[in-house]
Structure formats: C-alpha cells, structure tokens
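Heads up, the chain below is alone and in the form predicted on its own; it's given as structure tokens.
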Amino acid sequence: MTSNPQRWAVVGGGILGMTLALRLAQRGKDVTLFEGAPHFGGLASAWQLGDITWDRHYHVTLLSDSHLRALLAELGLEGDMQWRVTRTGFFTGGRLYSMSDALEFLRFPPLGLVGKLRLGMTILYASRLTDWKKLERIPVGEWLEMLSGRATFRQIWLPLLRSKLGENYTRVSAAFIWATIQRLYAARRSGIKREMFGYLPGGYARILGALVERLEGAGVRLRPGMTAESVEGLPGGGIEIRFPGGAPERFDQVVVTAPTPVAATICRGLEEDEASRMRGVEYQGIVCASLLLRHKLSDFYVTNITDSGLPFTGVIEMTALVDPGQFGGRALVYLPRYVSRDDPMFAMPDEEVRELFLRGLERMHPALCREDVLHFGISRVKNVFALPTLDFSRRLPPMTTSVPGLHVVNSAHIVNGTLNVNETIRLAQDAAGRIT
C-alpha cells in the first residue's frame, strides 16, 4: 500500500518561502513554491551593477548567525565564508569620526564623559535583559531617554531611531532597540571577544543558486513568474489559489509568506477580527541606492549619520568588508533610506533621487568626483519590515488562520529579533514544525 503525501503550496519565494518549502519537503510533503517575480530570492535577490552581479540590498552576516551558517553548511558553502573585523564610523557635526573600539568611544567628541558612561551602561544593561515582552509596553524613546539621559538621547539615539523608523519611532516599543543590541552582543555571549562580519564570495546570487538546486533535489516544484491573485478555502476542503490569466490550482495546505497587508488582501474568507489584525500591522519601506565607484570612500563598513538634512540614513561600504576583487577592483556602496510606505520618494523619478543622494554624499565626502560614479542603481520596496509597535506580539495574528488549511507566515512573526537573513531562516524552520 502507498499513501499520497499532502499537497502543499508556499506562496512567496523569498528566503523565508524557499527555506520553508525545503523544510516541508524534508518532512515528506509534496510542495510547490510560487513566486511572482521571474527569479527567487525576494529582498535577498541579486541584480546587475554595471558589469558585476551582486546583492540588490546590503545584508549583515555575523559570526554568531548560527541558523544562516547551518543552512550554508547544508548547501556546502559555509567553508567559503570570509570573516573580517570591520570599523564603524559616525558622521556628526559635519565630520566623520571612527567609533570602532573602546578607546575611540572615549575620545568621541560629541559626547561628554557622563554622556558616554550613560550610553555605555544603557547598551550593557540592554544586552543583559531577557524579558523582552515587558519592553513591548514602553515607547523606545522614553526608555532610552530614561536610561541615557536627555542630552545623549538627542545627540545619539534620536537620530539613529529616525534613520531607521522616521517619525514612526514615537509608536515603536523599546523591544526594537533591545533586539538590535542582543544581536550585536550574541558573539560576546558565546565567548568571542569581538563580533566579526562575513560574506560569501559571489554574494547572495551564489547562495540562492545553491538553494534552488537543493529545492529541486528535494522534489519541490518551482513556479516563478506566478503572482497569486487570491487564496481561498473550498467548501469541500482544500485551498484554491487563483492567478491572473491562468487556471486556478488546488492544494491541501497553503502557506502565504507575503507581507501581512498583502496577505490580508489576497486571503479570502478570514474572520473579520483576524483580517483587521492583519491590516493593522504597519510596515516600513526602503529606497536603497547602490553605487559602483572607482575608489572607496572610507575605511568604515557602516557609517551612522546623526546630522540632519541628509537624504539617506546611513552609508554601507561593502569594500570595507568584501575583497575589492569581487567588484573588479572597484568599490560598492549602499545608501539606504528607510521610509513609510506612502513616502513621496517611491514616486520620485530616478534622476531626482540620484541627484539628491549624490549631493548628500558629496557633503560627507567632498573629494568625491561625479566621474568616479560608474553605476547608480535604485531599489524601492514598500514592505520591508513590520514596525514593532507597542504590544506588537499580543496583537499579531497567529500563523494558522481560521480558514482550514491556510497559514500566513512572514517576517512580522519575528517578534523577539530584528529582520535579517539569520532570523528569517530561524522563523522558517520554526514555522515548518508549528504548522505541520
């Protein structure tokens, strides 16, 4: 006698959907993976920058990212990872400062001795906290000002919060900054004195290629270029997925990994309270420029910006981490701007964004020549990460919906961490166990 495995569909082929599809297949499920774009990868996808292929968005990989490293080992890639100790810069008062070690922190001019002590104690205190749910009830601004003092909050914390959250920071809980500090301290808790950053030669294009091969080897059917128009339960059982201009397909179980507002739109038959909770999850978006330059700008991997008036919210110089040979001896720089989903920059012409960003970069690096900019690409994504507002985890809908056989799993379910590839993989593996 033989038994037919349940037919499962995963809607959304980013890292989350790909990992989830693989884990379901490894549990004996018959899995089909749908992705609206022509290629898999989502936010982790690669694109063409002049004559090189590299990641569309920057990704920070830490030595303590155990879930990502385990997946890379499974794909036969972990041994190729390159690890570096990097430097961090701050642009404040119109000048660049290095703040990469304790001595440079003590010399940091914008803060006095008392401010530095309170800032250091805030970070140390947050790194040792374990009850993140209590922090969900406290606005992040109030918590940081209470611990660090008003002056330090205004000079350091407030610009950094606005760079990631805009004015939405007033509605975000202290769990947001706790999760950020926890991730950066993970290596120290494991006995490593200093966190190291890593990259895989070839970038995420290589990771995604290996993951596609592993999915095919596990029997997962890959269906790129298929955008789900609706997902609905059938009267006799099962779930039907409809696609524009195509025939509907039926499955026993369906997992939608689209952002929560999108899932609330395409998933039909949800209870009203359930749909309302989905629609209530707010997302932050990003406009991210990728620049291929003749020369590097600085030795800083990350430059945090505390001055106002700059059009981007940080500078990530990949050549401070990645061997320039990966870019043909040139430098790759990311200029992210985190914005609300309705920000006017989503509709701004590319040339206007280019001019705005380049003027801002020239303000930070006056020696930059326009002729040194070999390529300028712009990526716009409206739903990047869910805002961890007050009492977020209590209001988040569960993964398994009221529609039998329908599940919604996305990055909003990362409630005690930050959005990154390591946490995304952990979520996928946890969800595979919970929904089967």
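In case it trips you up, residue 1 is the first one in the sequence shown, and so on. Owing to the predicted nature of the structure, the values given are computational and were not obtained by experimental measurement.
FYI, the form predicted together with a small molecule isn't displayed, but the following is about it.
Among 90, 338, 199, 169, the residue placing a heavy atom within 4.5 Å of the small molecule in the predicted complex is 338.
In terms of contact with the small molecule in the predicted complex, the residue from 250, 363, 116, 183 that brings a heavy atom within 4.5 Å is 183. A residue is said to contact a partner when one of its heavy atoms sits within 4.5 Å of a partner heavy atom; residue 58 meets this definition for the small molecule in the predicted complex. Contact annotation for residue 54: none of its heavy atoms lies within 4.5 Å of the small molecule in the predicted complex. Taking non-hydrogen atoms only, residue 403 never approaches the small molecule to within 4.5 angstroms in the predicted complex. Within 4.5 Å of any heavy atom of the small molecule in the predicted complex lies no heavy atom of residue 376. Heavy atoms within 4.5 Å of the small molecule in the predicted complex are found in one stretch of 127-135, 225-233, 347-355, 73-81, which is 225-233.
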